[in-house]
Ligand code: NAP
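Next up: a single chain in structure tokens, the form predicted alone.
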Amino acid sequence: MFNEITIIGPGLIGASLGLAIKSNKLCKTIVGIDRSVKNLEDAFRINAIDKRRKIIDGRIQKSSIIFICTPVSTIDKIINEISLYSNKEQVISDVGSVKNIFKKKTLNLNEVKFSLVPGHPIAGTEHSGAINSQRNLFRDKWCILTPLNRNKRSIKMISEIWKNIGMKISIMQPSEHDKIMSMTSHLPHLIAFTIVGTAFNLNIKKKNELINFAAGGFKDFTRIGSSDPKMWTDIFLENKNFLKETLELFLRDIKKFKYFIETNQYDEIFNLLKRTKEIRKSIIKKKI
């Protein structure tokens, strides 16, 4: 059991992490830091955190582990703020969906002012804020760690926390992570955000009835289109290189599908749909 852990940004992921850590008795005291007073109060009220702070200061030295659960564009800056007070025995991790986000200055501080073990628990919902946190959000899900060195102690500390709250661990290089996420997470979100706009930009006389006639498939597919705009704007821009490559592949396949439709190629369409159905079935069997 740790004496103290700090969670910076106890929103959906951060507060869910706090609830899971407390539920599994992994820490005596959890400190929450957030500029949003309302979110901080919500996290405290649901017992995801024990102490509330609005700023990073010298008190953070007492925490063995610091989790940064903020939008990816802010993580590097926050680490540099922490470094004003931290020591190399403290472990910093994050939950960001992009891992190639650290500047050279930050990397040079690693193992000098702190030990950095970037992480990404692949879990979440379309909702945000501590008020929507879930104690079992991470159970039976994957957490990817992208260690920047071979500090076995730090890697083990972060791994054990995620394992103890029910996650499976995978370790990979930051670029490998970002490429995989561009396909499995970032592109689907980009499509979901886009298709909602496409539907409601159609020239339909009775546009209000579009909502009434939105079939289950449309609603299911666009559920993630209601995710936090700030968080996803950050993700798209921070991972733009891999996302552009993935998007080009997707647009190529869309053009091919369009051609099949235009030229009435029944067999090509049928075989494509059959193949994707089989791939989907294999994914479900693996329970990932």
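Everything numeric in this text was worked out from a predicted model, so none of it was measured. In case it trips you up, residue 1 is the first one in the sequence shown, and so on.
Just so you know, the form predicted together with the named molecule exists too; it's not on screen, but the next bit is about it.
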Item to check | Exercise: Pro174 in contact with the named molecule in the predicted bound form, heavy atom 4.5 Å | outcome: no
Review point. Is there a heavy atom of Ile30 lying 4.5 Å or less from a heavy atom of the named molecule in the predicted bound form?
Key: no
Practice item. Give a yes/no on whether Asn239 approaches the named molecule to within 4.5 Å in the predicted bound form, heavy atoms considered. Key: no
Exercise for review: May I ask you to check whether Asn39 falls inside a 4.5 Å heavy atom distance of the named molecule in the predicted bound form?
Suggested key: yes
Checking Thr74, Ser159, Thr146, Thr106 against the named molecule in the predicted bound form, the residue with a non-hydrogen atom inside 4.5 angstroms turns out to be Thr74
With the partner omitted here, the residue among Thr125, Asn100, Asn87, Asn80 that in the predicted bound form has a heavy atom within 4.5 Å of the named molecule is Thr125
Answer among 57-65, 242-250, 44-52, 227-235 for heavy atoms within 4.5 Å of the named molecule in the predicted bound form: the stretch 227-235
